[in-house]
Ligand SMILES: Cc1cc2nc3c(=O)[nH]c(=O)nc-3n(C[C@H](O)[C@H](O)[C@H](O)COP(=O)(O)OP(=O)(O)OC[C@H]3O[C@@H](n4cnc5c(N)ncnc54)[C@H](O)[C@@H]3O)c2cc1C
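One chain comes next, on its own, written out as structure tokens in the form predicted on its own.
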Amino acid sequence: MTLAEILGPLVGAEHVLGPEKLSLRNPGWCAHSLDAGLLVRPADAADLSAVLKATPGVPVVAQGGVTGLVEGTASAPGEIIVSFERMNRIEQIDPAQGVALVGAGVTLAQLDAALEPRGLMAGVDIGARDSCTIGGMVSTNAGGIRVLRYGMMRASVLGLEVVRADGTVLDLTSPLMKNNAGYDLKQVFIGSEGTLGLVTKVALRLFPRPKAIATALLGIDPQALSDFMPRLRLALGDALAALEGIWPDCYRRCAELQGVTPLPVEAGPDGPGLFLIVEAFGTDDGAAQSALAEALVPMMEDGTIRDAVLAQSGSERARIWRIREGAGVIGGNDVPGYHYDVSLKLADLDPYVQQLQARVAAEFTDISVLVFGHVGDGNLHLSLMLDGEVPPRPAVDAVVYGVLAGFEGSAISAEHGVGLEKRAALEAYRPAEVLATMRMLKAAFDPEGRLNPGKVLG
């Protein structure tokens, strides 16, 4: 029997898709997502368990919204793609407990729409909210723009339902804030990119929706960032919700792509070396605006902030964010480029950018280094746009990660994961003892190596 013939009776023949139907689907950010030529759509953990038990040894690639950027959803002939699109039910929203129990295929936008009337929201918010799934966000430990206040996805997960490689179903969906009954197994699967187990259900911690948001666009000298951040945190406390940074070349490119003219804060040769978007939550518009203004005024008076615009309306706030959201389309329209996601200590952010730009200029021609990121939590996104001859990726990787290696405590991936794209970098920059322990964990949970084969660890 073929794999399709084995899977059909388990989930329904209409939920087993071959090459013809897959050719009509969007592969997402990874061009090789659908190369396996066979996709199955289980309805729940029981279906998925049956699929895994009926196909021992067959490699399986899990796919949610296929919005990942590190080739984590790539598949190949002979493998089975598992799509979670049918696991799209919001099973429970408990405002008293502050918990939602949702299927892995529920999108972030779908969950947000259900939570809004109740005055609640998820802690993590990312730009791909319309297509990214909760299961995918758990598997990649998603970050986004509110990590400063709510942490990464790991901080919001109270429980999981997971299917192991042999089909065993683990019910770890406790909704309790405190649960020290043995090993906290859910933590093993969060951020494992589908290589240790397949998440089918998530118990997610919820948060009150802010009643008001104040937003400001600032221009500062990047060398002042280490002084600016603690002063801002001290002044705003828990009201500080987001701190995004955009370096000048990226700022101008993003504004151009989004048609934002004139610029709210100018970016000329003598202008600020770093642009920041700051957001603060409040109980009402007046309180939020006042708190943010009071936090910024002393730093404007002493010259720490060189220029500033405080949004006075929803449309002004949207205009500021349009510039930042332009970063999401920098690599669009088939413009060649390589994209990176790194993490450093706050004081090292601009020194890394400056050293990287200098090294790229010395070793390559016609490459623009565009930088933005969640600077409040030390996360930079780098887009190296290629205007001339395209150098091989390994040569560019060597420069990006080579400069990064000079900064103690840095990381090759802040929030996008490893997938296939960063596997070589992981091998080069993680200590041998750490890699060996990762392999021990992989062998214990997936001895046949069938879950998302080749990803993270070779």
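Heads up: residue numbers just count along the shown sequence, starting at 1. Nothing here was measured: the structure is a model prediction, and the numbers come from that model.
Another form exists, predicted in complex with the ligand; not displayed. Remarks below refer to it.
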Have a look at 159, 326, 143, 219 for me and say which one sits with a heavy atom within 4.5 Å of the ligand in the predicted complex. 143
Which residue among 253, 205, 186, 374 has a heavy atom within 4.5 angstroms of the ligand in the predicted complex? 374
Using heavy atoms and a 4.5 Å limit, would one call residue 167 a contact residue for the ligand in the predicted complex? no
Can residue 346 be called a contact residue for the ligand in the predicted complex at 4.5 Å between heavy atoms? no
Is there a non-hydrogen atom of residue 67 within 4.5 angstroms of a non-hydrogen atom of the ligand in the predicted complex? yes
Contact flag, residue 245 vs the ligand in the predicted complex, heavy atom cut 4.5 Å: no
Of the listed stretches (290-298, 131-139, 358-366, 88-96), which one has a non-hydrogen atom within 4.5 Å of the ligand in the predicted complex? 131-139
Every residue of 72, 127 and 416 near the ligand in the predicted complex, heavy atom within 4.5 Å: yes
Within 4.5 Å of the ligand in the predicted complex, counting any non-hydrogen atom, which residues from 172-200 show up? 193, 194, 197, 198, 199
